[in-house]
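A lone chain, given as structure tokens: the form predicted alone.
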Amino acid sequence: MQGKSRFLKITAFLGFAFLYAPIISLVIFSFNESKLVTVWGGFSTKWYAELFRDPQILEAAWVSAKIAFVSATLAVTVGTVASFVLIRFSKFRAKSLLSMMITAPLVMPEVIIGLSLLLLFVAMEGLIGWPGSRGVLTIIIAHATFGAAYAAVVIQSRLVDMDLSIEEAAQDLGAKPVRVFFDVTLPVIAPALVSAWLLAFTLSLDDLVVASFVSGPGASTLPMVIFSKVRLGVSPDVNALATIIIGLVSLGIIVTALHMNRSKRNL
């Protein structure tokens, strides 16, 4: 039994080392003095200064943040409506078709999604003249499209487990359906909405393939800029950018964990 426990500990250690050793090395070499990312030339923070002086990176980060925020909000809105239709309206005739359409983006390759959306935008431009050109708007629509699928799955799981008796009790007390939704239903499903929004935001911020198909001049997202830089060779400022992103994500995880622990103690 002791040998089995030791084997599990060693396996777990090797697994975590395999996952996190490259990330740790990236963070270390972001403070490298040398221009060569694989040769240590001394400690320096100059690449962080170079990063914040790069207008291309800053502009791409701002564009990605705007796209992710708007597309995540649209995705949660559409996903919430679709979830209510699938869970609450059992007599909806096209329920199976809607469920299949929501599930399709989850299993469809990103190349197919990007190509199909590109062809759709081109056809719409020829038929109705909208969208006039591909750019930020088309990326937002594309990201909201596949983000809504993920949001719907998260929100559906919360609606399935929700106790309908509290809504019925509110209606018995005279509350109208709109009031019931905002005062009863929405607070109950709020954690799922937040989770769905964060998931859609992350997927949009991380997307490269779909954005490459539907973007246009002046609408380069951060992953597109990073990919173009990496193709010419990894530079230390890219390591610095990755370290900042890792730090922000780690900070978000820590804050969330502390909030959850505090909520459990209050209960």
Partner chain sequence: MSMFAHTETNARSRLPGGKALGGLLQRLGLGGRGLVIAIPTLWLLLFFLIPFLVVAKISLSEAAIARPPYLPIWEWDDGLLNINLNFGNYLFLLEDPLYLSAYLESIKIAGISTLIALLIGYPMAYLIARSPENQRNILLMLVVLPFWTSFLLRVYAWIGFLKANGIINNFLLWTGIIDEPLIMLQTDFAVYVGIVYSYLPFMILPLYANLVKLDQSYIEASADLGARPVTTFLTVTLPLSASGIIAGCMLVFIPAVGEFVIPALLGGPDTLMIGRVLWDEFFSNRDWPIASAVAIVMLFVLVIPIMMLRKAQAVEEGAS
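Keep in mind the model is a prediction, meaning the values are calculated, not measured. Positions refer to the first chain, counted from 1.
There is another form of this protein, the form predicted in complex with its partner chain, and it is not shown here; the text below is about that form.
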Legend entry - Output flag, 49, 192 and 219 jointly within 4.5 Å of its partner chain in the model of the complex, heavy atom basis: no
Legend entry - Contact label in the model of the complex: residue 135 to its partner chain, heavy atom within 4.5 Å: no
Inset, instruction - Determine whether any heavy atom of residue 227 comes within 4.5 Å of a heavy atom of its partner chain in the model of the complex, and answer yes or no. - result: yes
Inset, instruction - Answer yes if any heavy atom of residue 165 is within 4.5 Å of a heavy atom of its partner chain in the model of the complex; otherwise answer no. - result: no
Legend entry - Partner contact for residue 239 in the model of the complex: its partner chain, 4.5 angstroms, heavy atom: yes
Legend entry - Stretch 85 to 104 - residues with a heavy atom within 4.5 Å of its partner chain in the model of the complex: 85, 89, 90, 91, 92, 94, 97, 98, 99, 100, 101, 102, 103, 104
